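Okay, so here's just one chain, in structure tokens, the form predicted on its own.
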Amino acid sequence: MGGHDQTLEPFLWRAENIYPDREVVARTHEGTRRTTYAEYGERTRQLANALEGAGVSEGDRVGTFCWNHTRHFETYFGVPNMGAQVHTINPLLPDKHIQYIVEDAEDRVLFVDPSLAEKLAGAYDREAFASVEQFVVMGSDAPDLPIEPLTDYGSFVGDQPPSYEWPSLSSDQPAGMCYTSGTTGKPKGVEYSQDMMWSHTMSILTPQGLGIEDSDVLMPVVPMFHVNAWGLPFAATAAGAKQVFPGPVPEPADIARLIEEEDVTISAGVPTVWLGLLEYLEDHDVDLSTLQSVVIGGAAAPKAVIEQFDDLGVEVVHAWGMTEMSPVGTVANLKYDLRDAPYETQLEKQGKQGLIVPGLEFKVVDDDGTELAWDGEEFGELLVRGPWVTTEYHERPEANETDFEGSWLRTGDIVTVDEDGYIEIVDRADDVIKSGGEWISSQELENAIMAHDDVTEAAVIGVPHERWQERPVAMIVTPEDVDREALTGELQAMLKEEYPKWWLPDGFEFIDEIPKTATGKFSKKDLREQYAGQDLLEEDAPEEAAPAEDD
């Protein structure tokens, strides 16, 4: 006999009734906003009433194009609790990716931040956005933009009643949706059911997960459009923890101030966030006494960052996951028998992607599908499965054929596993580039570059960078009589028209030939090996190497 269906609604009920006065705080353009879980619950029901009045019903998708703040958080429970899907859209993607995502998801209502309204308007295409019946700006005024119908959040919610009878939903009811970043082609939609989000939340609440408690003050710096801020807002609500949302594109000074003023105990973000904070601390006196841990994901946690935070009395918790995994899959917690191990041993374990979290299984296989030993030496592709790991993409049968083996997800990550069960990613099966925690499609940049008449061949590879992990460099083959300096300027201008600044290659290297595989494909692995150690960046990567609000 089964119990009541596993849905998100009890998490909100618990926060409202057990922790009604616990705060939810947000940094916004209009100043700091404060609310409580009791007030937040009423706001989610007002939102549900407004959405129902706009024609949204069970199974419909509601898109968000927003930063981290309380109003965005209201959609996290207000939308799925009424039986619809909250679909978070990455505003840092190229316009054509945004168009594809909205069209593919068929969003009926789309919420957008005031600071991102111009970006959305630039991506707006009447045909691609045909499903959207209402655009809502998450501010007090609706700007004059060529998208319609358009209103502001206050007007949309208006004086809707704070009471709403949440429907009784089944565990398999779709609740959320995110898209992969289109690193190897078009973005792929991943749908999350109620029980996927429920079980993911329960796992990361455990001590073997992230161990979030009601005494914590949690600040997700990771954007809420990145796989639901790694599921942290749901987990914090379930725990009854105070939540702090840092708002649009927080600078290190903003992060430091919020930690001090709000007594933050746990925060989470990509490595560049913490590199920036550590640099800020060199010249500013900041009280980090309440901060107990920082969760680092999206890219490998540099050893130096772990050591520097150790010196500050802050634990670095290294985690790994994927959009397809809701997303958390591993956490580099120390096993009980390693807590008295030498510091270097502990540091080595903390620098790996970590131990599989409770509820998931994994295996590592070679090219023939043979499962490999946990010896820290053999490496192969990582496959995972579990209650919150998807088994198919939305409307992508060709990807479903290649990316799944029954219940197993083929992650595309090449890993080794040590004798203690710690997973370490040693390579990627594809050639995507990660800069500042964001994916860049090398294939898409190559295609754009090769569209130029003076380019014979082009391959884009990721070059290691101390701050941004990787930056793209274009390796180009041209006829002998081409003015390469002029061509470089033309390519830069051409790419700037189509892609965000942080996608643009930091170097253009002209070479005689791009190495090929036996099947005639570009061998970027050989390119990386051939040019390893060489200074391919024309200059230090600028601030635009990280995603910025105006991108």
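Residue positions are given as counts along the sequence shown, with the first one as 1. Keep in mind that this is a model prediction, so the values were computed, not measured.
Keep in mind the form predicted in complex with another copy of the chain is missing from the figure; the text below concerns it.
A heavy atom within 4.5 Å of another copy of the chain in the predicted complex is found for exactly one of M202, L150, L116, A256: M202. Scanning E378, D95, E361, E133 against another copy of the chain in the predicted complex with a 4.5 Å heavy atom cut-off leaves one residue, E361. Every residue of the trio D5, E9 and D420 has some heavy atom no more than 4.5 Å from another copy of the chain in the predicted complex.
Residues placing heavy atoms within 4.5 Å of another copy of the chain in the predicted complex fall in a single listed stretch, namely 331 to 339, out of 267 to 275, 138 to 146, 331 to 339, 458 to 466. With a 4.5 Å cutoff on heavy atoms, P387 counts as touching another copy of the chain in the predicted complex.
Looking at I212, you'd find a heavy atom of it within 4.5 angstroms of another copy of the chain in the predicted complex.
The closest non-hydrogen atom of Y531 lies beyond 4.5 Å of another copy of the chain in the predicted complex. For S441, no non-hydrogen atom is located within 4.5 Å of another copy of the chain in the predicted complex, even though that partner is not displayed.
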